[in-house]
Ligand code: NDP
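This document starts with one chain, in the form predicted alone, laid out as structure tokens.
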């Protein structure tokens, strides 16, 4: 399997261009050059996708868990068989290092299908006995046609995180991947066709958010929308979908704190702090972009963290030596650079990085930025309050648990938090008070797919993962049977 120069929509089991015949350029961020094209779809393409999904739904919803299990496992197997092709396509499309695509993105996409294929065999409903009077049981029924809209930072990883549970629960999907990173979603549609997924069960429409994505959200036959992306876009989706009484799952932005206490395991913490700061070029909603260190350890941490950051190699995505690749687009690179300028204006000192990396050769036009560490910024400045979503972190000291919590909780976001300490009592005490949907203690990005995932405050609504995802994609119905 290999990427195509001409990406197509996948609707009703058939590959086709946009109804308009228009296409968008797909740019390789490591070179800045167009390397493929994707359909510029609109509401007409979404209408076709929803119609195909609606036609497929009666049969798919009646397909038993065993049959759904076999098809989803076959999709997972085919992703595994084409692991390297998927990983290379992901790195070319997004600019991320191949090592990340091979170790994180594509294995996780495969795991998503395996996990929810198995989960559909074990998904149980509740029963309630009213002694001597009646019995109640809950039916969990698929919703129908659902919309799945995913972002560009973890393209196949997050697209399958939505699609797999939706299909496992018996729904049919109208999905839209990001127009910035469409290639692996297109390759997935080929895999689904080969795996024998019935036509119309999964429909993938490529295009812009304000056209194709908006049409999915607005369509009256789409019963639920699962979206991962920016908080402002999530707010717009909620404004449209809520009055239509659609189910909503919104996994939005983060400005995540990393709290480091002086009693931590220093080497494990340093390795984790570098990973949580700069993995995937810092373009993960879970990255710990605000680092707070207990004052006795602060100077030692700062000096070593800067030293290790300066050693990270920014280079071509397909090079095995590259720790960071290219940012996803020119516009995003310029946005991150604007925040670096803003941080300077707000009184911050850039201790290292922040300048464009000249990779040279064929990559001279790529969107490469060296990872930056900023010191001296107050909590209420924009660089500490707004999601930068790039290889940029701020660092600052704290003197007490109370101050650490105030700093950690002092933004409008609440997606994740990381805590480094050897004190078990402190770990439990602080974890309970952190305003976040997930708290990692002495680790980062350790994920069990059975656990609920999502944020609080401006980081989202609802939870994904495990039974939470299967519950979202089903409607509960209570059946009460009175005894004779």
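Everything quoted here is computed from the prediction, not taken from an experiment. Residue numbers count along the first chain shown, from 1.
From this point on, the text means the form predicted in complex with this ligand, which you will not see here.
- Proximity to this ligand in the predicted complex (heavy atom, within 4.5 Å), stretch among 319 to 327, 195 to 203, 134 to 142, 208 to 216: After filtering at 4.5 Å, what remains is 208 to 216.
- Query: Just to confirm, residue 116 within 4.5 Å of this ligand in the predicted complex by heavy atoms?
  - Reply: Although this ligand is absent here, residue 116 would stay clear of it in the predicted complex, with no heavy atoms inside 4.5 Å.
- Hey, in the predicted complex, does residue 96 get a heavy atom within 4.5 angstroms of this ligand? Answer no; every heavy atom of residue 96 is more than 4.5 Å from this ligand in the predicted complex.
- Task: Using a 4.5 Å heavy atom cut-off, state whether residue 158 contacts this ligand in the predicted complex.
- Result: Contact with this ligand, yes.
- Message: With the partner left out here, check for me: in the predicted complex, does some heavy atom of residue 436 sit within 4.5 Å of this ligand?
- Response: Residue 436: no, not in contact with this ligand in the predicted complex.
- May I ask you to choose, among 333, 252, 293, 393, the residue with a heavy atom within 4.5 Å of this ligand in the predicted complex? None of the others qualify; the residue that does is 252.
- Task: Could you check which residue among 314, 178, 289, 171 gets a heavy atom within 4.5 Å of this ligand in the predicted complex?
- Result: Filtering the options by heavy-atom distance leaves 178.
- From first to last in sequence, which residues of 372 to 393 have any non-hydrogen atom within 4.5 angstroms of this ligand in the predicted complex? In sequence order, 387, 389 come within 4.5 Å of the partner.
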